[in-house]
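First, one chain by itself in structure tokens, the form predicted alone.
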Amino acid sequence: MSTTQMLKGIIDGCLLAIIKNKEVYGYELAEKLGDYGFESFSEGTIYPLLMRMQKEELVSSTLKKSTAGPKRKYYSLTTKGELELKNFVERWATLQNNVNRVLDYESDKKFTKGDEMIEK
């Protein structure tokens, strides 16, 4: 399974988390993702996701003047987007916990089942 396949769905939550902190434009989102190690995401990948999120009313956009060139479209979270981010964080925590438990157990490490510690 490729990293790209694993990231489908996860990247939406990451974008929402970045947008939550401040209004950002597409290129800035690509740069921020790169700063976090997601270097394979270009503006060309991000813009279709943003368009879909805007259709789903998770983000809104406004055009603002740019110091260099044409106006830029800045994205911000809507109330629906904030709720989706909250739900994503909860789903991610559960998924991360479950995957880590499987990997720990299957790697001959200790794991917790309920309140008891079990060694394989």
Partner chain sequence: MKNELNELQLTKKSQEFLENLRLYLFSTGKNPDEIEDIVNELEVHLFEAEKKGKPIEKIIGKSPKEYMKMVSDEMAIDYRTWFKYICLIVFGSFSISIFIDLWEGNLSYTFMEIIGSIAIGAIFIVSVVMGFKYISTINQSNKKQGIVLVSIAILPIVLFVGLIYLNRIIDTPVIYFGNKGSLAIGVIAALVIIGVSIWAKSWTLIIIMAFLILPDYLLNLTPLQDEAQLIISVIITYGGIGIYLWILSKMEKSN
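Numbering follows the first chain given and starts at 1. These numbers were taken from a predicted model, which means no experiment stands behind them.
What comes next is about the form predicted together with the partner chain, which does not appear here.
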*Heavy atoms within 4.5 Å of the partner chain in the predicted complex: does Glu39 have any?*
yes
*Spell out, yes or no, whether the shortest heavy atom distance between Lys80 and the partner chain in the predicted complex is within 4.5 Å.*
no
*Give a yes or no for Met51: in the predicted complex, does one of its heavy atoms lie within 4.5 Å of a heavy atom belonging to the partner chain?*
yes
*May I ask you to check whether Glu57 falls inside a 4.5 Å heavy atom distance of the partner chain in the predicted complex?*
no
*For 27 to 43: residues with a non-hydrogen atom within 4.5 angstroms of the partner chain in the predicted complex?*
Tyr27, Ala30, Glu31, Glu39, Phe41, Ser42, Glu43
